[in-house]
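What follows is one chain in structure tokens, specifically the form predicted alone.
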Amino acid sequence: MTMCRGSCQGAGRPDMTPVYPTAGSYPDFARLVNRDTAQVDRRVFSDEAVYQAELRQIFARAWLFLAHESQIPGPGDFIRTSMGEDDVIIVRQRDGSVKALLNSCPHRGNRVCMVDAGSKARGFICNYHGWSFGLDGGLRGTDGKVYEKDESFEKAQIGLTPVAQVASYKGLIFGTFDPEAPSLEEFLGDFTFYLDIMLDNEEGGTEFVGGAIRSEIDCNWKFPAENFVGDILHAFWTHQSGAQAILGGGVDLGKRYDELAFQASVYGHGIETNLDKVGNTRTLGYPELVDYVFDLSERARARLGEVRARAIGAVSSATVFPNMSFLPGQNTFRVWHPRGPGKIELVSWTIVNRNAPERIKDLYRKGVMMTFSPGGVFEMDDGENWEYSTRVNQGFVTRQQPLHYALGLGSEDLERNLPGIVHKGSLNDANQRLFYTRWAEFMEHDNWADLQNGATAAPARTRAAAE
């Protein structure tokens, strides 16, 4: 493309129509995940070309978590977040709807919102040349109206680029840059059955309390995502000292583990749980919370059924593909924002039932700070492991060696009538294998028909049958 010379007479006006990326196909990258041998090539954690493909294939297409409804309750309330490496503003409109906008002025690209969150905003202004934008992203004016005096300037055609689709599920707001993406509920699929363990265990729904905790970890984003999707095995080694300090003993999966524990996966979203009712909650160190969860579990049986009611505070973990995770019972909720193949920004919150007593909400907030914060007894353990896994995998000879993801091969549970692809026991690599299978599907497919009908799609099981 060449810029016009001289007076530019007769030149066409700039086309400021939003541009959304189209997917490609990276079969060579997809083959880095070998489903037949349950192996993953280490280059998926270190290669810059793979990372750039992820930004295009995954983060520019998938539905990504943006905010909780409780963070932007009124018109003009906003929060700043990321979709991949794209800076985004989530803002409540005057009619109560929610929009997500690229936080980049269309003039020179500067941020128009510098703060993490705010309330009752009337719009956003770029510091560079004074371009101002309404809550809907439309251009409202320029400094000194210099541009408006130019006959070639079409203000109505210029604005902040909107995220193509925004939708919510029981308080969680998601967005996608892909206008052709299926609905949010189609993307989540039957995994909403498991999300409701956290989001819908009593009337009133949920809220975030206590603000956000931000930190950086020098690791690839997939290590924490796969850890939360189904790796309880690490707790016996990694978190032994923390469990000893808080509980006076090691991690205990409960007496009925072999009978109750399972993993379930839908489209790479996954949860592992042993249904021990309060195993995760106990690690927060407050007996009052344990009593609260025991009572909540009993009350939730009519609402959720026996299986999900037992999982509310159990030793469990979950990830919504690609990068949103949470721990039932410990009530930490987090997003792993990629910042390159070897760095993430972790943003975490405490999620609680809106109708819970204020004392209970405060105990959850303190418990999360003690366990899963940058100085928390468990998060420090995890961060070190993920950093060394990322760093060591960069070695030239090291990255020629495949990684082993074969624990629990052949353990699929065809008898337990639950939604998703279900495997026996939570000590299993099953959900991690399916997480990377989903990753490979995004690398290979350039259309949603193939993406939604691949190996990670759930068998046809109804929720009614599951309960």
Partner chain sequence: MIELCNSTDVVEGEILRRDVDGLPAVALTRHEGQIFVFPDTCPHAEESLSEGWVEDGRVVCGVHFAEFELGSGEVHNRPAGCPNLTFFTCEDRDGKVFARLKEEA
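Keep in mind the model is a prediction, meaning the values are calculated, not measured. Positions refer to the first chain, counted from 1.
The form predicted in complex with the partner chain exists for this protein as well; it is not shown, and the discussion that follows is about that form.
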Options 317 to 325, 132 to 140, 167 to 175, 85 to 93; stretch whose heavy atom lies within 4.5 Å of the partner chain in the model of the complex | 132 to 140
Does the partner chain get within 4.5 angstroms of any non-hydrogen atom of Glu148 in the model of the complex?
-> yes
Just to confirm, Leu195 within 4.5 Å of the partner chain in the model of the complex by heavy atoms?
-> no
4.5 Å heavy atom contact, Lys155 and the partner chain in the model of the complex = yes
Taking 4.5 angstroms as the cut-off for heavy atoms, does Ile125 touch the partner chain in the model of the complex?
-> yes
So which of Pro73, Pro179, Gly204, Gly144 reaches within 4.5 angstroms of the partner chain in the model of the complex, heavy atom to heavy atom?
-> Gly144
Which residues within 321 to 357 place at least one heavy atom within 4.5 Å of the partner chain in the model of the complex?
-> none
